[in-house]
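This document opens with one chain alone, in structure tokens, the form predicted on its own.
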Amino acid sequence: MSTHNKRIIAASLATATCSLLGTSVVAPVQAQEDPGWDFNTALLYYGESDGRVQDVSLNVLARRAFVDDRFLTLGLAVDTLTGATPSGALAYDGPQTFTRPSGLATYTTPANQTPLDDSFLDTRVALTAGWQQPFARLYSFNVGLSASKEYDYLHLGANLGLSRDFNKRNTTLSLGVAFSQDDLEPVGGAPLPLSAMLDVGDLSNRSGDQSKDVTDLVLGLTQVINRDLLVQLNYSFSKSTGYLNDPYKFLSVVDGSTGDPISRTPAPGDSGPLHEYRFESRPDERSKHSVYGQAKYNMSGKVLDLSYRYMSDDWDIDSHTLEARYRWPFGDRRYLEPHVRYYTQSAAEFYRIGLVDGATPPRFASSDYRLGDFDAMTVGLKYGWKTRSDNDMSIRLEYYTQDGSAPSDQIIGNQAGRVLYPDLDAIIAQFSYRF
């Protein structure tokens, strides 16, 4: 099971955090709401091809309006994840045997298949709470708390936001800050960086529980251009320190001439890996900078939503995200909304498809495909309607595909004819109901 995968797949918590920080889409200005509760619920299915990760997620967001523009927001997310995820080892012409994360058993991958860790199984429960209210004449603030728990992971966070209106309330400047602490309790213990995978029952390369701290800062500007056009610009900074490894990812140790995994023989009477593997090692700090721009344009009832995000970090990853939505109403109570998203990123400076036997090991190395050079595309369609009681319902169906490549200067011998980067296809389906 990969804790880092859970962060990627179960994106609802990250979305909620961004919303509390003020980085989500700015809602249109509304008149004072009558005091009462508003509920937004969603049931989401995410399924990867070839028996990989499957996620069923239930999200509930409850919002209580009070007089004087004060709001209480409570959120609940429950995710159930199953399936298999790439371990980081290279595909090979013969079968490969690995020690499970617990260190208490082995599993085998058939020849010419991407090695997958099939112990990916967990349930995540996440809670959020936020309070928003104005103060003085042109200011408002919000505070929030977040927590989530998995079998091997605990997240606790807090955030604070402040905004001020200018220019007859057509301009809003906002500032948000968030702090979180994540405690990791990897199954079997956290492997020492670049330590070898050992025989079953040998946990001498494991350490105790680990933790990391994350600080996020967001500065945002929202501008009403005219009655039909709204634009937003955000700058974000994120600093992570502590244990940033994925304790379930490792690299193949390969021959410098053939590129084949180096054979290994377990100790007499023991079972264990039949080739050499070493657990990944990442820096214990990461700083990310990103700039985000969005424009919403109303065209006689049809709404075009365009956004772009650029991110750069000190791991040498640069990414670009382009996204477009077009809400097309038909009739008074129904609409269609096609969606397209394109994402591309460069590889981390320590991304390696494998480690060469006998060579001086690098200080940092990871074969996690999410740190590699890849492109991803999401296309989908959302259909929404109002019920007879004026509640909102919608159905969304999307297709996600990801295609990457291994660095050409790292490909050795027989590796040229093998799959070195596991491509990915997935289906996303969601049903939402607001009342």
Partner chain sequence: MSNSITLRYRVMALCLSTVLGGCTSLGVEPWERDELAREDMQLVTDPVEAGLDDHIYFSKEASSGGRGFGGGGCGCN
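Positions refer to the first chain, counted from 1. Source: prediction; values computed, not measured.
Below, we turn to the form predicted in complex with its partner chain, even though it does not appear here.
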- Look at the stretches 87-95, 229-237, 352-360, 109-117 and give the one with heavy atoms within 4.5 Å of its partner chain in the predicted bound form. 229-237
- Out of N205, S163, Q132, Q223, which one falls within 4.5 Å of its partner chain in the predicted bound form, going by heavy atoms? Q223
- Query: How about D373: is it within 4.5 Å of its partner chain in the predicted bound form, going by heavy atoms?
  - Reply: no
- Is Y151 close enough to touch its partner chain in the predicted bound form, meaning at least one heavy atom pair within 4.5 Å? no
- Message: Does any part of F364 reach within 4.5 Å of its partner chain in the predicted bound form? Heavy atoms only, please.
- Response: no
- Message: Using a 4.5 angstroms cut-off on non-hydrogen atoms, would Y343 count as touching its partner chain in the predicted bound form?
- Response: yes
- Counting only non-hydrogen atoms and a 4.5 Å cut-off, give the residues of 302-336 close to its partner chain in the predicted bound form. V303, D305, R309, M311, I317, S319, R325, R327
